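Heads up, the chain below is alone and in the form predicted alone; it's given as structure tokens.
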């Protein structure tokens, strides 16, 4: 399974928000600049995250975006599913009941492979919390002597 830029950039944006919020709304322009993401694309990603209840928008002069709940309650899986949709490695009725029923389901043995891969992916991303990534980001920045003001653009 390969994530698109929606998942990769969106996760970076939410980590940035978690690291830099400090009880204040963060402007999208600040996230875009720090992360090297175009404002137009970031607005699209934030709209999906807002619709999924991961971030909230605050209007006004001091407006911007904040996490909708504590970072300890948001998993990487929540963020990736909000941006990418289902994380299943294949379209398989056994994994996603929204798919069209498969005529070969009773005889298909590969569905067990896809199920185990899907379960592993979901277990992995659901086991990593946004708070863990925010703490790691702060640790790495501190080791590198980087402050929030001079934080370089991300490339991964």
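Just so it is clear, the model here is predicted, and its values are computed rather than measured. Numbering follows the first chain given and starts at 1.
Same protein, other form: the form predicted in complex with the DNA, not shown, and the subject of what follows.
A.B. asks: Ok, 127, 70, 53, 57: which has a heavy atom sitting within 4.5 Å of the DNA in the model of the complex?
C.D. replies: Looking at 127, 70, 53, 57 one by one, just 57 meets the 4.5 Å heavy-atom criterion.
A.B. asks: If we define contact as a non-hydrogen atom of the residue within 4.5 angstroms of the partner, is residue 114 a contact of the DNA in the model of the complex?
C.D. replies: Flag for residue 114 set to no.
A.B. asks: Would you classify residue 39 as touching the DNA in the model of the complex, given a 4.5 Å non-hydrogen atom cut-off?
C.D. replies: Close contact exists here: in the model of the complex, residue 39 approaches the DNA to within 4.5 Å, heavy atoms only.
A.B. asks: Using the partner position in the model of the complex, report whether residue 26 sits within 4.5 Å of the DNA, counting heavy atoms only.
C.D. replies: Heavy-atom contact with the DNA at 4.5 Å: present for residue 26.
A.B. asks: In the model of the complex, does residue 62 come within 4.5 Å of the DNA, counting heavy atoms only?
C.D. replies: Judged by the heavy-atom cut-off of 4.5 Å, residue 62 is in contact with the DNA in the model of the complex.
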